[in-house]
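The chain that follows stands alone, in the form predicted on its own, written as structure tokens.
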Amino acid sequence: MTDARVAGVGLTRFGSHPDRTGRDLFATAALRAFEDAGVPREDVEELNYGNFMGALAEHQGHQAPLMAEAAGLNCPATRYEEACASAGVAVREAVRTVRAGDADVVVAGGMERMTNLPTDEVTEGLAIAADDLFEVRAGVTFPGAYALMASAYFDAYGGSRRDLAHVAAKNHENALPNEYAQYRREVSVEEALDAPPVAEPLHLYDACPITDGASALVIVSEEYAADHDVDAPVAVTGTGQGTDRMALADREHLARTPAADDAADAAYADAGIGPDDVDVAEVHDCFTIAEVLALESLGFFDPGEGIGAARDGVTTADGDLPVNLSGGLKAKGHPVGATGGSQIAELTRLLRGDHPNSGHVGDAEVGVAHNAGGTVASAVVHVLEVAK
């Protein structure tokens, strides 16, 4: 089985792009990925494209062939939809395809355009990733759902809004030098605590923003990289996926995310490593409590122990395990169909040493990306390593 290498990464700036279409955003990300990889478009054998709400936001379904055209590709193209984990699944299938020997060059990534809709319509559109029959019709939105998860966590293990405010402050600080981040401004712990409530115990700075953006990766086989003199020093050595019950009411425990547990276990086994081997991580912090849950599912902390990680400095830029050096979804932004690809792009840059925050992890050799859909009914975990 061949290694899957990340030959090139491309991102748009995350934020509001009122004058750009979704196809334009993805074309930009793909162009940057090809320039980074030095791989010709005609060598691409498949496009794996993630998108969640394009049919709602741009009245455009059947997006995969459209994005292939925008990227200048003439190859089979498939759209993947797994809510906020759409691009993560697209990357996973690209890795599996290359490893299986079915293709030597696959482009994977995603796009979401959201800011062209009013906030209430975005909230309603995102809510279709929840259980319509038992949650959406009862008025559940994702801020409310994650507030229930945060309350359950506090009830089961303890913790406070101040602990979550440290997560927000950390990720905003990490975003400051990132040229692709939506919010490059500091947010103090006190400012986060004083922000207006969204759904108690979550307040404004506990939530990620509404975002437009795109990501693209050029994934190649180890043999292709060697034969074509492509510099691809980062390999995807592990991949895993998990699924949980959709509705929160059907779950055994609201303060745990077993889909991510399963995805992490599978990814670690695939890579032949464990949590203690990880040097840096990008996790799905759509809300601050989601980062805490991710840290525990990834095995970095026991249940109930992840809540203090940011407060205690363990996951800060200069801590023992830096988390979300990109700024995370919290500050970099969350164009839902693109996020999973963006996490891999950021980790690749960190491990290659060309990310603005690479100085914090100069000796890092192993990174983990954690991408979740909905209230973590879906989860994808990837292990990236500097190739030996």
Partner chain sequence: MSAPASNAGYDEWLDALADGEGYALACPDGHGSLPPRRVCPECGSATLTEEPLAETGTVETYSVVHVAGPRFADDAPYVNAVADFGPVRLTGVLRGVSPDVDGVDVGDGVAVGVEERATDGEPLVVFRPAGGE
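As the structure is a computational prediction, the values presented were derived from the model and not from experiment. Numbering follows the first chain given and starts at 1.
Keep in mind the form predicted in complex with the partner chain is missing from the figure; the text below concerns it.
A single residue from the set Pro197, Pro177, Pro275, Gly158 has any heavy atom within 4.5 angstroms of the partner chain in the predicted bound form; that residue is Pro197. Proximity to the partner chain in the predicted bound form, defined as a heavy atom within 4.5 Å, singles out one entry of Val189, Ala317, Leu73, Val140, which is Val140. The partner chain in the predicted bound form comes within 4.5 Å of a heavy atom belonging to Gly144.
The closest heavy atom approach of Arg245 to the partner chain in the predicted bound form falls within 4.5 Å. Residue contact with the partner chain in the predicted bound form: Leu148 places a heavy atom within 4.5 Å of it. Mapping the unseen interface onto this chain, Thr78 falls outside it, with no heavy atom inside 4.5 Å of the partner chain in the predicted bound form. Heavy atoms within 4.5 Å of the partner chain in the predicted bound form belong, among the stretches 180 to 188, 131 to 139, 83 to 91, 213 to 221, to residues of 131 to 139. Residues of 224 to 252 that come within 4.5 Å of the partner chain in the predicted bound form, judged by any heavy atom, are Arg245, Leu248, Ala249, Asp250, Arg251, Glu252 in sequence order.
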